[in-house]
Every structure is written in C-alpha cells, then in structure tokens.
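Okay, so here's just one chain, in structure tokens, the form predicted on its own.
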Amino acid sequence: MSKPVILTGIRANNSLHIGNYFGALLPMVDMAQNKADEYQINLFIPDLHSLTADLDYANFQSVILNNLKMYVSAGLPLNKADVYIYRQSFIPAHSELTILLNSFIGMGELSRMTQYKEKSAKFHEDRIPVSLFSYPVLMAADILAYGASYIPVGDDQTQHLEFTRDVAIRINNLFGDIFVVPRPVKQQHALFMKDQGLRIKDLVDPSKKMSKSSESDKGTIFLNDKPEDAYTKIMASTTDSLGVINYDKASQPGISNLLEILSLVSKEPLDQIISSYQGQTSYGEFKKIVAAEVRDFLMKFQSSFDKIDEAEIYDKLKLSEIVMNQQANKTVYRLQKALGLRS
C-alpha cells in the first residue's frame, strides 16, 4: 500500500434517515470525493458485525444493496481507483485474523467495554451472544488487516479504537512490525476536523436524537419515506407554547430542530436561516416552509436513487474485493508466519 489508509464502515442493516444522511453519509461521501488522491479509502460493509443485531436474514442482501445505492445516490464515487467498497464477509482474512488475535486478548479487557456492558444488559446472562462480547476483536481485525492509519469513529467507538491500538502494539512488541498501529484519537480528530455539528432530533421528542429505534416512526424521516408522508411528519412535529421562533435548544428544542433541518435540506447557513425567521410568530407557516423543503429534498434524492445502476455497484464490489483480499491476506500471512503457522 503506497498511500495511508482511511477505513470506515458503510451501514449494512437498518433503514437510513435524514440524520444518518447529514451526520454520517455526506461526510463519508465528501471524504471519498476529496481525499482519494492522498489516501486509500476503504469503505466496507460490516455484514458480520450486523449479525449481533436482529436481522431479516432472508432479505439481508437486498438491504445491503439498498443502503449502498443510497450512498451512491448521495455522491459516493465508484470511478475512483483508490476508493474501495467491499463486504466484510467476502474477505475471509477478517475472520481468520479475529481468531488469531483472540489468543492475545484477555476476557477482562473485553468485559470492560462500555458498549458490551450496555448491549449485553438486554439479554439473559446465559444468552448473551459471544459475537457481542468479541465485537471489538473483529473490529480490530477490520482495521489491522489493511494497515489503516485513520478510522473516523464516533465517541461511542473511541474505546474500541484505543483497544485496537493496544492490541497492535502488544503483538508488535512480541513479534516485530506485524501491524500498522492506527493513529491516536487526537490525530484522528485532527485529520477529520471532528466537530459534533448538527444532530437532527426526533420530531416527536426533540430531547432525543432522530433514530430508527424510536418508539414511533412519526419522529423519524427515513430516506425512503414518501415525500408527502415526510411533509405530514414535519407538520405534526412537537414545538412549544411560546409562540415565537427562536434558536434556543434549551427552551425551544423543537423549533431549534426545525431551523437546523431547514438549514441542512436547503443548504443555507444556519445563521442565515435563524436571521430570516427569528421573531416570527406563526409556527404553522414556518412548518409549511420546512415541510416543503424536506419533501423536495426527498423527491430529488429518491429520483437519483431510482437511476442508480446496480450492475455498476456489483462491478465495483467485485473489483474491490479482489484487491482487499490480496492486501488482507498479506497481513494475515505475516502474523501466521510469526506464530509458526506458516514457514
């Protein structure tokens, strides 16, 4: 690999909503469009990781393709040579490397992982999936297999990134330079200019972020919602009894959320949006403006989605997976040789 590697995951399951679009999908597309000349960009579909969640197994592949099409609709370039999209399960080295790493990782380390503690609490003690416990090991394999230096992760994944660094350093200390050690979190944030930015809130309960796991779909605008249904959701969104439009997340979270949504879908700066509507007293008229912009955004996005050539996506997957298998196999072989498993 002649270039440093940036690695990140493309969501394999779950329906994508506009919060995903503006918070994760667009930044990933921007990275692929603008950093591929300087970096190798690995965008992988974590289908093995998805097995820790409830899945519709029969339709899993169609969900993966649907989500890939959404990334392409948002501008993910398929024609750049150093942008790779690949399915995790199509690279056997991920699984092989996970098994090898297991011998150098303690159960205590994994049991202290915050995400494991939170997610395992949903299961009876005897039925906690082993894959949930070993999730960080597979994630380490995802990263180390390609010598990835940079991994744009959210705050909830920072602990896993530090874990990956610890494992890589541990094995390198034992056997020499087997792995590229990912950059420290501060350097990761410096490259990606980490900024929490705007996080779209639930339309019904604006104290929570928009999520596919909300109790009701009424608070979430999915990218595959009918545009008119999205319009209705905006019109029914929770506001307040103050009766004056202000950008104040503490006392007027619903109105503030709508101002942010309007800024994002209209591509106008937030301060300009606030200036235009500050002090107005008709929530109904304001909601109509936001609802119309969201409806138009979805119509344009879905029109682009319908034009995506699925064959082009599959061609990119197949070509990428050939290259990724070659790169990952070299890493696994280095460790196998160090462990005496290969001569």
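Sequential numbering from 1, following the sequence displayed. These figures come from a predicted structure and were not determined experimentally. Between two forms, the rigid core is the largest collection of C-alphas that superpose within 1.5 Å.
Just so you know, the form predicted together with tryptophanyl-5'AMP exists too; it's not on screen, but the next bit is about it.
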Verify the contact flag for I221: yes if a non-hydrogen atom of it lies within 4.5 Å of a non-hydrogen atom of tryptophanyl-5'AMP in the predicted complex, no if not.
no
4.5 angstroms heavy atom contact with tryptophanyl-5'AMP in the predicted complex for S320:
no
Just checking whether K35 would be counted as a contact of tryptophanyl-5'AMP in the predicted complex - the rule being heavy atoms within 4.5 angstroms.
no
Any non-hydrogen atom of R112 within 4.5 angstroms of tryptophanyl-5'AMP in the predicted complex
no
Exactly one stretch in 123 to 131, 145 to 153, 265 to 273, 235 to 243 has heavy atoms within 4.5 Å of tryptophanyl-5'AMP in the predicted complex; which is it?
145 to 153
Pick from K80, R170, R199, K226: which has a non-hydrogen atom within 4.5 Å of tryptophanyl-5'AMP in the predicted complex?
R199
Taking tryptophanyl-5'AMP in the predicted complex, which residues of 6 to 35 have any heavy atom within 4.5 Å of it?
L7, T8, G9, I10, R11, H17, G19, N20, G23, A24
Rigid core superposition, N20 Cα moves 2 angstroms or more between this form and the one not shown
yes
How about I221 - superposed on the rigid core, does its CA move between this form and the one not shown by 2 Å or more?
yes
CA of S149, rigid core aligned, shift of 2 Å or more between this form and the one not shown
no
